[in-house]
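Have a look below at one chain only, the form predicted alone, in structure tokens format.
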């Protein structure tokens, strides 16, 4: 009998939370043969990355996964059953009536899927149980970068598809054409997807004065007014090229999740944010900078430092220092001109290292596989 899974997601950080849970739901269904329901509270945000989603439909099926609109009164009428495995994504707190269904069923694996972190304590807390008031145990599952954690999301054919794409100049040019992008191969192609960032103008200045041309593909988000102001414009127009010195900036349409990887594969350097695009940038095997989600008391900087310390591990000391300086400046509103110029003196080393890192992570089991194994061991 096929194992049933319910995944609950509240859309908090725009596309990040739904991006992770949607990838996980599809992989559990397609690669592990599970019956999956994905409960989401904001279908309109979901639709932006997956146009097949209907925003006013309470229950629907997309790519073999049942999608449920999570509202205050949507749980009890939902066929009156809970799944064998219940994932509370990012501590979103399950509805009380659903917990009652879990208690009535008795044998239910309850998992809190935590945010990704490289901090050492995550390995110590991974897969630990906690008794809940309902008399049920909840296990805390931490994605991560080591064997002692829950792994990273990675579909079985992802890196094979990546390698085939990178080997074909035609696939790259055809994909970029779908975005209205004509790329001069003498220019560095950069994707830009970040939170509001006071460092952006100084970085754009650095690109405009760079030794080679830079073509920036700007994704939808809070950076649009900052870039428009940089070019002294009221707003940016889709597809139009804005140029200053060696810099070109082009606003591109919303990228569906299934094509986001190809954007990262197409670029020479990727600026990503949050969690979902952060992981996909690592699988792209291209140099990148991570704009981490800001937290109170700058707790996010500890998380950033923890990742950099393991990502930098195989780099020479000078490259480590320059990469860390660049990442820190990007995340703290620092001056980017010298940080970028210094980083690009190591560009070829960073390119090789990005592939090396993805190959090292490829050796570890992926998140969906670890979750499926955890359930089998739990039984």
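Source: prediction; values computed, not measured. Positions refer to the first chain, counted from 1.
Although it is not shown, the form predicted in complex with a small molecule is what the next lines describe.
- Only one listed stretch (91-99, 247-255, 104-112, 164-172) carries heavy atoms within 4.5 Å of the small molecule in the predicted complex, and that stretch is 247-255.
- Residue contact check for residue 67: none of its heavy atoms lie within 4.5 Å of the small molecule in the predicted complex.
- In the predicted complex, the small molecule lies farther than 4.5 Å from every heavy atom of residue 370.
- Not displayed here, the small molecule is approached by residue 16 to within 4.5 Å at the level of heavy atoms in the predicted complex.
- Among heavy atoms of residue 146, none comes within 4.5 Å of the small molecule in the predicted complex.
- Think of it this way: in the predicted complex, the small molecule has a heavy atom of just one of 230, 140, 195, 307 within 4.5 Å, and the residue is 195.
- Proximity to the small molecule in the predicted complex, defined as a heavy atom within 4.5 Å, singles out one entry of 283, 269, 203, 260, which is 260.
- For the three marked residues, 12, 49 and 275, a heavy atom of each sits within 4.5 Å of the small molecule in the predicted complex.
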